[in-house]
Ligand SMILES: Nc1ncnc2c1ncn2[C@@H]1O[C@H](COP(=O)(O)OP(=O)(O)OP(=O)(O)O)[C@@H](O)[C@H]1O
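In structure tokens, the next block holds one chain alone, the form predicted alone.
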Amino acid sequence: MEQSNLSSREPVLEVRDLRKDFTIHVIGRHVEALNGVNLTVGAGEHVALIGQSGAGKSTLLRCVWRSYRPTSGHVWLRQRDGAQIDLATADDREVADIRRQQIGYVGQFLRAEPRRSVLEVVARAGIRRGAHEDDATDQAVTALREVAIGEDLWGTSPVVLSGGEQQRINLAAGTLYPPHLLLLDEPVASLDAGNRQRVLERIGHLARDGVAVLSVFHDLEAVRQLATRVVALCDGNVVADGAPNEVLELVAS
């Protein structure tokens, strides 16, 4: 894995006064999903977003990933070479280039290329991040074993597998030759207890390897296990930002 040359004190991600509005034309309703959100994520830091459904957690991830274009504000990414780019205003070609090597997104659902096997889907994630094909395949084998995808499934199309299997394949691909910044949206939602723990352990290695992680979990035990910091959202606003135990206790009270 290519190591970042950034100081641990320099944030990889800086979100500043981020706002996202939606208009639901069918019912004529205007929704303010994010209302001036501010947060940072440093190298080797795992920041978990918590809050009720509709609080703005997944919207925030999608604004960083830029599947949603923010209404206003800034999403600064400090790249591996130290250069900064504002993902909120960058053009689509710049965003596509950044995604290929520096940002990863793991959601609940696998979006696999057609006619690709499980092993190819995972290995190609590494190739897109600059790995040689043979090295990427070797690492894909290791990743699939770590998330308990049996070798008998590696030649299969992932679209015929169960939701839990697809989610583990998605996580294996997202963490192969880890990107500079990884976004996780409920990556263990469909998993049983045994496979959930395997996936959490793989995610836990990321922060130790210097990856900046921004995640959404409804599973508070996963938050306690993984997060170095917790940001609580309510109605599109940050209502708490701090150490996991402190924020979780505050939200529970």
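Quantities reported herein were computed from a predicted structural model and do not represent experimental measurements. Numbering starts at 1 and runs along the sequence shown.
As for the form predicted in complex with this ligand, it is not shown, yet the points below apply to it.
From the list 39-47, 207-215, 54-62, 191-199, the contact stretch for this ligand in the predicted complex under a 4.5 Å heavy atom rule is 54-62. In the predicted complex, this ligand lies within 4.5 Å of some heavy atom of Glu186. Within this chain, Ile24 lines the site of this ligand in the predicted complex, having a heavy atom no more than 4.5 Å away. Proximity of Leu226 to this ligand in the predicted complex: non-hydrogen atoms within 4.5 Å are absent; the residue sits far from the partner. The closest heavy atom approach of Ala33 to this ligand in the predicted complex falls within 4.5 Å.
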